[in-house]
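A single chain comes next, written as structure tokens; it is the form predicted on its own.
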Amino acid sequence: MRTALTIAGSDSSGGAGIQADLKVFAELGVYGLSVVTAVTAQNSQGVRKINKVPPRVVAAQIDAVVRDIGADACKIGMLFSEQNVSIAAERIERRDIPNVVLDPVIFAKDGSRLLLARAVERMRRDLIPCCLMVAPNLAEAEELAKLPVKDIESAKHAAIKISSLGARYVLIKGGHFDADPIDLLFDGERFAEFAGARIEGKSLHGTGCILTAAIAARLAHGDEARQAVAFAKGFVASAIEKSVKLGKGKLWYYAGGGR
């Protein structure tokens, strides 16, 4: 049985964070392990409250599951504090965790900040060099690269800048482009574009979580990075099409059926 670890925040509405990651892992045939970094009170209308998990508890969770069961891949999502960023980086290196995919969760869909400013710098310095892949959306790419990102050309410049921080691959998620949602993968030398059709009328909660969890699951199964990204792109499109409307807000939720 292949295993995948998610290091992320808990989403009380079940649409993102560790809840979404574990759903994806199960659907894709890998056994999911989880490390909770923060507890959020949120729903379809937004984030109400965030309480971080103490760094020593984050470290203990990682040690408990990796030393016993092990992980064939790892997806990192919301870390919230600079201390948790450092703990994640230190434990990845100490426990030799492979195939790490970082979704640098900085902002929630409603604009709430989910990674403090000091933590972004810590991420650039300590965590990104430990990762196989970093997968920011446009706003996150701007923060990490310290460059404006508005179109494909500026996304390429940002990918090169982020790659220089030490990650093997950089995937710029293009869902927020004004034109078609083209994801851009940079391997340190070449770019690959993954086109997709925009699905109107559904604002799916947790698309970044679902995408990166699917990538991690496929890496756990032995896919190369480009294969994993191509699969995950289609998986997310299917998840959006099959999503359900819950709650009083404008968000839709992943309900399985991403394959």
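Note that residue numbering follows the sequence shown and begins at 1. Quick caveat: nothing in here was measured; it's all calculated off a predicted structure.
Form predicted together with a small molecule: not shown, discussed below.
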| property | result |
| --- | --- |
| Residues Met133, Ser163 and Leu185 all lining the small molecule in the predicted bound form, heavy atom within 4.5 Å | no |
| Per-stretch contact check against the small molecule in the predicted bound form, the hit in 201-209, 216-224, 59-67, 24-32 (non-hydrogen atom, 4.5 angstroms) | 201-209 |
| Sole residue of Ile87, Val105, Val100, Ala155 within 4.5 Å of the small molecule in the predicted bound form, by heavy atom | Val105 |
| In the predicted bound form, the residue from Ala145, Leu138, Leu114, Ile128 that sits within 4.5 Å of the small molecule by heavy atoms | Leu114 |
| Any non-hydrogen atom of Met78 within 4.5 angstroms of the small molecule in the predicted bound form | yes |
| Ala239: touches the small molecule in the predicted bound form, heavy atom cutoff 4.5 angstroms | no |
